[in-house]
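Below you'll find only one chain, the form predicted on its own, shown as C-alpha cells.
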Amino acid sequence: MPNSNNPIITLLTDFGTQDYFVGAMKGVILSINPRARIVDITHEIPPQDIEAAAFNLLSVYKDFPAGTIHLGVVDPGVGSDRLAILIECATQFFVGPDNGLFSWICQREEKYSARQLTNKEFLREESSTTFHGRDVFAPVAAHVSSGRAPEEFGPVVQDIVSLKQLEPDINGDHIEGRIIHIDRYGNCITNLSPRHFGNQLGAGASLTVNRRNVVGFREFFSQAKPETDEGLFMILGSAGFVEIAAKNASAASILNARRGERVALALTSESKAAG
C-alpha cells in the first residue's frame, strides 16, 4: 500500500507544459489528498506515442519506492471503449488507459493484477470525454494514495492490452532484436540485454542494422577506442538495454534507423564460449 503520510504519485504524459492539462491533474490530486507528493517523470512524450511512454516508464519505475502510484496518460483512445485501469505490479500501482502503456512492465515482472475503473464514486463528478487524465485517472490515483483498496475501484481485468513483446526473437543461435527507443541524442536503444550476449559484452559480438555492422563495446561514451564505421559502437545503457551510439553524433542518423528497426545479433565463438 502507499505511504499514507507522504504518498508518491508520478506523472507521465504527452501533454507538454504549454497548456493547463498537467496543472489541472495536479489540482485534482491535491484536492483529494493534500499530502500527496507529485513527481513529474516527463510531459514531453511525443503526442499519442504509446511506445515511447511505455519505454520511459519501464526505465524509471524501479527507481521509486514500494507503494508509488504511477499515473500515465498517453491516450489516443480517450472517450472510446478502451478501458481505464488500475494495475498492481512490483509493489507499485499504475493508473491509466488500457492501451499497452503498462504492458512492458507487466511482461517483465510477469505477476500483476488489473482492475477496470468503473466505480463512479472515485471519478470526478463532471467528466469530460476528452480529458480522462483529470476526470478519471487523477482522482483514482489520489484515492489510491489515500489508502482505498484496489478492489473498490472495479472488477478484475483478465487480459490487458499489450504492445509487441519486449523480448527479442530467438531461434537457435539466431537472435533478432529491434530498436525500441531513440533518445534525444540519437542513441538507438535495443531490446537486447547482456544475457543475450552471454553476459560478456566485450567478447566480439556484432549488431547489424540496415546492412551496417556495429562492432565493439564501450563502457562510457568518451572512452578512447579505435573508431569503426563512422564511430558507431555498442554500450550498455542506464535502462539495462544495449544501445548503439556514436561519439558526439546521432547513431540513428548515421544508420538511417527508426524505432522498430530490426537488429540482428551475431555472436562469435569466443562470445558463445564466454556465455
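Residue indices: 1-based, along the sequence shown. Note that the coordinates shown come from a computational prediction; the quantities given were computed from them, not determined experimentally.
Note that the form predicted in complex with another copy of the chain isn't included here; everything after this is about it.
For the options S80, N171, Q165, Q158, the residue carrying a heavy atom within 4.5 angstroms of another copy of the chain in the predicted complex is S80.
Just one listed stretch, out of 123 to 131, 96 to 104, 138 to 146, 199 to 207, contacts another copy of the chain in the predicted complex at the 4.5 Å heavy atom level, and that stretch is 123 to 131.
Though the partner is left out of this view, Y112 does not reach within 4.5 Å of another copy of the chain in the predicted complex, counting heavy atoms only. Not displayed here, another copy of the chain is approached by R184 to within 4.5 Å at the level of heavy atoms in the predicted complex. None of the heavy atoms of R212 is located within 4.5 Å of another copy of the chain in the predicted complex. Taking non-hydrogen atoms only, E261 never approaches another copy of the chain to within 4.5 angstroms in the predicted complex.
Looking at 249 to 264, no residue comes within 4.5 Å of another copy of the chain in the predicted complex, counting any heavy atom.
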